[in-house]
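Two forms of the same protein chain are encoded below as structure tokens; each is given separately, as structure 1 and structure 2.
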Structure 1
């Protein structure tokens, strides 16, 4: 039986339970406030975030030409493909490919192909408009890529990687 001097209530909650819960909540907030600076310092710095994307002016790149830009310290090939290159890439969709991928899955606009300029074998930089398929050729170990950046011959295990990109308008593309 509870007396009027006890600290029990009609609802069964005692003052000691409230103090325990309040102290635990206060401790949790204090620990979170103390840990936050350590967690926040692991976020990328402003200069790293600035390099996370790059905008490229593609207005001066004529059909049949390609440019190389740097993104995150890596070369990126931006190629304005001709109708013949697009047709060849689409015809090769049914060929036996080491890393099968359709041309349409690798481009957002058929005339523009954007890939990382790093060979997937050992990280060399392939040469444009060369090789058996007139795409890219890596002279280090003989990997041949077609006009869609797909590996066709040689030791490279995968196609040239397609980074995330978006066309901002007809003359600008944002990579990253």
Structure 2
């Protein structure tokens, strides 16, 4: 900083430099603070966040059936698996998987498989009980999922995502 009056020290730095930098820095902080509300307003609003969980009654879903429920505007598959489907899923734990994961890590109760109904390729909704592995088949670009919702064949990179959920009792599930 300037030590010898307003017109400069030995190193050529003058008081005006300090004023310029201080004013510039203050302006930059102010502009950044002013921009933030314009960005943040695009994030989910309070009413959207308030709808971020949904409860499902699963008492009427028989073994071998699946239902699709809406959560956060996206489909969620709730599938009541048969013994054969569970066995097939567990048997394939050791198969060559693009996204290796054990079936036991993807379920809380073996007969209930709950995943997002969104193909991990480009976001279409896969069709249940179809494809080479009788899990799901995505009609958009031909991804095959098995009965654990794991990707087995096709362009999708990852298994069907398992959302956060909890069994409130034997017949009710809270998703989200």
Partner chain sequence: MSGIHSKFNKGIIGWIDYRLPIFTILDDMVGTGYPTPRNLNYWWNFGSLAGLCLVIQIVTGIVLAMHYTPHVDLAFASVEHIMRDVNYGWLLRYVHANGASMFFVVVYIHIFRGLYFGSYKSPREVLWFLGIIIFLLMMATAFMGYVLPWGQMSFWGATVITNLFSAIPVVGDYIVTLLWGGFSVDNPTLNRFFSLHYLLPFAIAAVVVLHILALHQHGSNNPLGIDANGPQDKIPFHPYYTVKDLFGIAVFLIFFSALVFYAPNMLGEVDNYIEANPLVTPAHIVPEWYFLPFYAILRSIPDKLFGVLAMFGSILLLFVLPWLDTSRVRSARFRPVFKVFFYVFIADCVLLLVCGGKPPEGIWLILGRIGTAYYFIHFLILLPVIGFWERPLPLPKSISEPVLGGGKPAAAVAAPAKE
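Positions refer to the first chain, counted from 1. Note that the structure is predicted; figures quoted are calculated from it, not measured. Think of the rigid core as the biggest set of C-alphas that the two forms share within 1.5 Å after superposition.
Novice: Of structures 1 and 2, which one represents the form predicted on its own?
Specialist: Of the two forms shown, it is structure 1 that corresponds to the form predicted on its own, while structure 2 does not.
Novice: I want to check residue 59: does it shift between structure 1 and structure 2 by 2 Å or more at the Cα, with the core superposed?
Specialist: Residue 59: C-alpha displaced by less than 2 Å between structure 1 and structure 2.
Novice: Checking residue 22 here: with the core superposed, does its CA move 2 Å or more between structure 1 and structure 2?
Specialist: Passes the 2 Å threshold, so yes.
Novice: Hey, core superposed, how many Å does residue 41 shift at the CA between structure 1 and structure 2?
Specialist: Shift of residue 41 at C-alpha, rigid core superposed: 8.8 Å.
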